[in-house]
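Here you get one chain, nothing else, as structure tokens; it is the form predicted on its own.
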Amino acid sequence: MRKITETTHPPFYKNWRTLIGTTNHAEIGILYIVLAIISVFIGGILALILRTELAFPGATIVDAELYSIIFTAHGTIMIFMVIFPLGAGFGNYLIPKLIGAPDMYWPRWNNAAFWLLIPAGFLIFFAQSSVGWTLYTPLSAELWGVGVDMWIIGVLLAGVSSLVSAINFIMTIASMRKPGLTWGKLDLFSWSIVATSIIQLCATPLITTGLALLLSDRILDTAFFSAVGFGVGSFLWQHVFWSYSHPAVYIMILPAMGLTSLMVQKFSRNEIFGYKSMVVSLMVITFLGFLVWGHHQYTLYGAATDAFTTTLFSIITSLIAVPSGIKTFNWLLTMWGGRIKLEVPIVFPFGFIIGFVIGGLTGVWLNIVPVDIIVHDTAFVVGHFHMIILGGALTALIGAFYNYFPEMTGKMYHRNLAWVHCFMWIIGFLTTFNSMMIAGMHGMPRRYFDYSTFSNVDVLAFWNFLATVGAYIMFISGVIFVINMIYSIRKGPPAGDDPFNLAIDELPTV
């Protein structure tokens, strides 16, 4: 009989064939995460240019056209190339391990879903589209040039990737759980991926159809969203766009919630408080998320005077705060009843809770129609949204990376650098986005690159400058993060089986 010898294979990224062709769920998860880290620096540099321009009144480093191009690329990259891939990356890396599956249901399609993001990212970045990430019509339907076409095709490719991943996750969790792992015993991160995938399957076709029709307007000279019809096309586009884009907020936030549940449970050394209520709240958020898009349109022509419509959307939007509050209190109660091990991966979820609560409460305030009419098109909305997505979702995802870095690499990161990164990041996003909201309350419009003609220019300049300082603090913290990761991969100490010295067996260590 031929003797079988063990061989040690080089890492998959050492060979371009294995890099491109890997179907291993953990390796694809790492590829998603690496892509997101690269993209967040591209998007972050674009954000710094925007914030540097706004730090002082007047046109300083860019003109209006370039500002709009950078604004469009920044928003799209951060959503489709950072937050979405991070959720998919951790889903790929963890889901099969959590449910006891050997791999994803469709390994090859899993590979294809990732690689679709590469041409999507190039098209989005190099499109030089100046119509904004919301692509509002009729400007986006009639603006000359191929940039908008490239942007639309890039987002369509990202949408196909999202759909393939969603189907794959649902099939994996539904059909490949280990014996005895019922739905009632499923971990909260797996539940969050199920909820996220449902939203992707139901919402993505809406924006895909809208983008296809918009592309038809531009190439085939149809008139779905053009100026023909005295603004009806523009109104229709906003319905199509926000009926996808508000559920998409939960595509970004739900995986972060699931990971927060795992980390709070792990580092509190306590079972999660209110498991059933956590699952129910996930499903309620998923359902209600499809019914609140109209709160983005309180200021549109006709909507502000339609008492029934605005009241209906206002009530539903208020209701969606309830399951979010349940989750927040359950995390806090889990920590309260546990024995917290203070490590970087639990402090980032603290930051997530802070950002999520501030962003959520300001969202409730925006849901008050008279208030929204006043601040709707101001920097207040921008600060609120960023507080939810960056201060909330991205902060939790960074904490998850610190949690799983020792497992992914076999090395331990430099703890002191990690603490510096953690506190600088939290201070940075609180400074930036709170300052933006205050500037918005003083009348700072969003999408404006020059506010020098405003009567309260001094007040706006102060808060914009402070927001820019916070943005630079966040960026410097990100540089520290990358230096720490590169150093740790090369020279970090071995992580061992219990890198955080938790020394517990009764709780899951994933």
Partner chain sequence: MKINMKRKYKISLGSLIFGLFMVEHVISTRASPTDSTYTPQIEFLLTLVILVSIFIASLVFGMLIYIVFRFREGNKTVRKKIQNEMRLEIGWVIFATVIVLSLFVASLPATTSYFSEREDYDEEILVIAYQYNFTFVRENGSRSVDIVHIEVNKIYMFNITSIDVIHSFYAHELSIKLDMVPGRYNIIYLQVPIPGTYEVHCAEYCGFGHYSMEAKIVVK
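Positions refer to the first chain, counted from 1. Since this is a predicted model, take the numbers as computed values, not measurements.
The same protein also has a form predicted together with the partner chain, omitted here; what follows describes it.
This chain is displayed without the partner chain, yet in the predicted complex the stretch 355-363 from 184-192, 164-172, 284-292, 355-363 comes within 4.5 Å of it by heavy atoms. Contact check for Val322, Val369 and Ile373: all three have a heavy atom within 4.5 Å of the partner chain in the predicted complex.
The closest heavy atom approach of Tyr136 to the partner chain in the predicted complex falls within 4.5 Å. Among heavy atoms of Ala307, some come within 4.5 Å of the partner chain in the predicted complex. Not displayed here, the partner chain is approached by Phe71 to within 4.5 Å at the level of heavy atoms in the predicted complex. Among heavy atoms of Leu35, none comes within 4.5 Å of the partner chain in the predicted complex. The single contact residue among Phe401, Phe385, Tyr105, Tyr298, judged by any heavy atom lying within 4.5 Å of the partner chain in the predicted complex, is Tyr298.
The single contact residue among Val279, Ile438, Ile99, Met252, judged by any heavy atom lying within 4.5 Å of the partner chain in the predicted complex, is Ile438. Applying a 4.5 Å heavy atom cutoff to the partner chain in the predicted complex picks out no residue from 93-115.
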